[in-house]
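Take a look at this one chain, the form predicted alone, written out in structure tokens.
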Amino acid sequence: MVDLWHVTFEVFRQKDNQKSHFNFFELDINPDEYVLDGIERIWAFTDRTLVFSHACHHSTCGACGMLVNGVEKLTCITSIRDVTRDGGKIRIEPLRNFPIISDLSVDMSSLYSRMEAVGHQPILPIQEEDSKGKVKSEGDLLRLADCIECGLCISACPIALTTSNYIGPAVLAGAQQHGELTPCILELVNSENGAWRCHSAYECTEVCPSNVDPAWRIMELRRKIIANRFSSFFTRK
């Protein structure tokens, strides 16, 4: 029989533009369960007005990113025993650097639109016939390998905290993966709020749950930008 831990969840609350505050919820919970399990239990049995985002429960969708005791985490893979002790507290807050929709849920549309701006959008399906004359569709999403677009890196980034126009580590990492920077993408990343705004603090890499290493990719992107400058200079007519 598993010994349950008595844990206090300190949960951030904010509705519309009301003043934010914390609610406290006492739970007896298996320490091998995850933080998201505790949040769902609070919603199911104590407070159905609690708003939070979640989906897959196995670190694929990136929807359940939150601050857990002040650190960006995917709550679906963060166990209770990793962030507290029996009789301890767990503080849950929304991600930083994104507008709050309600309680723990934030608006990440800026991340998605910026990802599309560097070439991460659906390709229209290619219609073709196979040997039997049957039409088939082939198409896929261009996405940064391993990135689940969870926003943790942007939440942890000190530049994103002070510069709302900074396009962010996930977007810059996405641009780095392109074999060749198109003029449109180059203009976006080689700008005041692009790759040169990064201060190489590496907080983004520290919290990334998918080993994308956005800080390294940003440094590589700078190298590509400089190489492009040299190439353009020597190929001018």
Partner chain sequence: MSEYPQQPGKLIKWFDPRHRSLGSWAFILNRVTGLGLTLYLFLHLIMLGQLAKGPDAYDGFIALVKNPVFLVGELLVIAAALIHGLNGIRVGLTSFGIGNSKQKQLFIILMSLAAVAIIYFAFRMFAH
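All values reported here derive from a predicted model rather than from experimental measurement. Residue numbers count along the first chain shown, from 1.
The discussion below concerns the form predicted in complex with its partner chain, not included here.
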I'd like to know whether T84 contacts its partner chain in the predicted bound form, with contact meaning heavy atoms within 4.5 angstroms. no
Would you check, heavy atoms only and a 4.5 Å threshold, whether S105 touches its partner chain in the predicted bound form? no
Within a 4.5 Å heavy atom cut-off, is H58 in contact with its partner chain in the predicted bound form? no
Does N69 reach its partner chain in the predicted bound form if we count a contact as any heavy atom within 4.5 Å? yes
Residue within 4.5 Å of its partner chain in the predicted bound form by heavy atom, from I90, I167, C76, C150, is I167
If we take heavy atoms and a 4.5 Å cut-off, which stretch out of 45-53, 58-66, 199-207, 28-36 is in contact with its partner chain in the predicted bound form? 199-207
Joint contact, Q177, N228 and S231 to its partner chain in the predicted bound form, by non-hydrogen atom at 4.5 Å: no
Give, in sequence order, every residue of 83-108 that has a heavy atom within 4.5 Å of its partner chain in the predicted bound form, or say none if there are no such residues. R96, N97, F98, P99
